[in-house]
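The chain below stands alone and is given as structure tokens, in the form predicted on its own.
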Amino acid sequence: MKRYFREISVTLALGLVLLGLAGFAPAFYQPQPLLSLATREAPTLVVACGMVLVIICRQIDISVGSQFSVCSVCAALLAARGWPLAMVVPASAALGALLGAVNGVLVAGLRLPSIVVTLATMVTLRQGLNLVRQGAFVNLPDSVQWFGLSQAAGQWTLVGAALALLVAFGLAMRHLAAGRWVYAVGTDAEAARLAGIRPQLVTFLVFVLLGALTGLAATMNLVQSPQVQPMVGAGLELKVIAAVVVGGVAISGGRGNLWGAFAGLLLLACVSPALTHLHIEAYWEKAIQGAIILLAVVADGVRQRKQKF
């Protein structure tokens, strides 16, 4: 029970929020708004799956928002030139993996701090995209929206794909040796090395995987709109990291799981629609989300101090 205290706490908090909405704002539970909310958060959930691995590995990547923007624009340009989605999706994932590999080489190969490396790549990618696109939107063919399906079918496809990835990665982290390697490296890299694990390779691969998932998430967002703006990923990194940390993944590495991150994402995602249905000013959204994140970090700090003593 103590091992999963944070995850249980976040799940209970989410349950209380949903219960409160059932009593004070039952309109929140109308099927179509709920499906739209889940669809909007599906790409974020996919990126969060990769971010969980990176943070458990005692690293961080704050460039995912810029990677998301670059992959979105490049995928949109390919789709606008007539590429089928069956080719656009893997191309975007491959581009994301390449961008993640750059971070991985600098962090794992050159032993540079991940916060510094990803801050540099975040700014470089964002400013480079601004310079190239000059704020111009990319218009998409009608066949791209919702994969050429109806809106409802496209929404269910996106939500189902995101949940399938969550389950697959959750099971892999629990039952595959590669998942245990990530925990081992995040807990104690030197001990992991002595046990026959290659910490630098594991670190490199989690950055590559996060990049690939970011590229995939970019295409999942692409099909939801008739056009793509260059700064579509602005703020994504903060949203993803917040959900992961709130969900119980220790920023110091070695602890956490995908299920907690999923609950954290749902909790933060419910704030905005809850305020709307309760007729509370929208500017409270960031304040409430910030308070939730602060409480999660403080709780983690208190827990670590108790463990030391």
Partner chain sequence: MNASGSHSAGWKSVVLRYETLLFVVLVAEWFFFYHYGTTTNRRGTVVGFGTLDRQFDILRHSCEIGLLALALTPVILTAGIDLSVGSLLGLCAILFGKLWHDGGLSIPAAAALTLVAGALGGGLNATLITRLRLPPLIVTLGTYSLFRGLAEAITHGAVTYTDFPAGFLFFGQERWLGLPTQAWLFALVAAAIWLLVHRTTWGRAFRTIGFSPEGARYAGLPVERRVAQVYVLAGLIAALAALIYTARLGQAKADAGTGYELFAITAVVLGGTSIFGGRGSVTGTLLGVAAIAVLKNGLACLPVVIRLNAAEEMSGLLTGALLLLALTGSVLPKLWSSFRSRHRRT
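Because the structure is predicted, anything quoted here is derived from the model rather than measured. Residue numbers count along the first chain shown, from 1.
Omitted here: the form predicted in complex with its partner chain. The next part is about that form.
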property: In the predicted complex, the residue from 106, 236, 89, 78 that sits within 4.5 Å of its partner chain by heavy atoms; result: 106
property: Position in contact with its partner chain when the complex is considered in the predicted complex, options 74, 93, 166, 122, heavy atoms within 4.5 Å; result: 122
property: Three-residue site 8, 19 and 149 fully in contact with its partner chain in the predicted complex at 4.5 Å by heavy atom; result: no
property: Distance check, residue 116 to its partner chain in the predicted complex, heavy atom within 4.5 Å; result: yes
property: Close approach of residue 161 to its partner chain in the predicted complex, 4.5 Å, heavy atom; result: no
property: Contact test in the predicted complex: residue 84 vs its partner chain, heavy atoms, 4.5 Å; result: no
property: Touches its partner chain in the predicted complex: residue 266 (any heavy atom, 4.5 Å); result: no
property: Heavy atom contacts to its partner chain in the predicted complex at 4.5 Å, residues of 238-254 in sequence order; result: 238, 241, 242, 245, 251
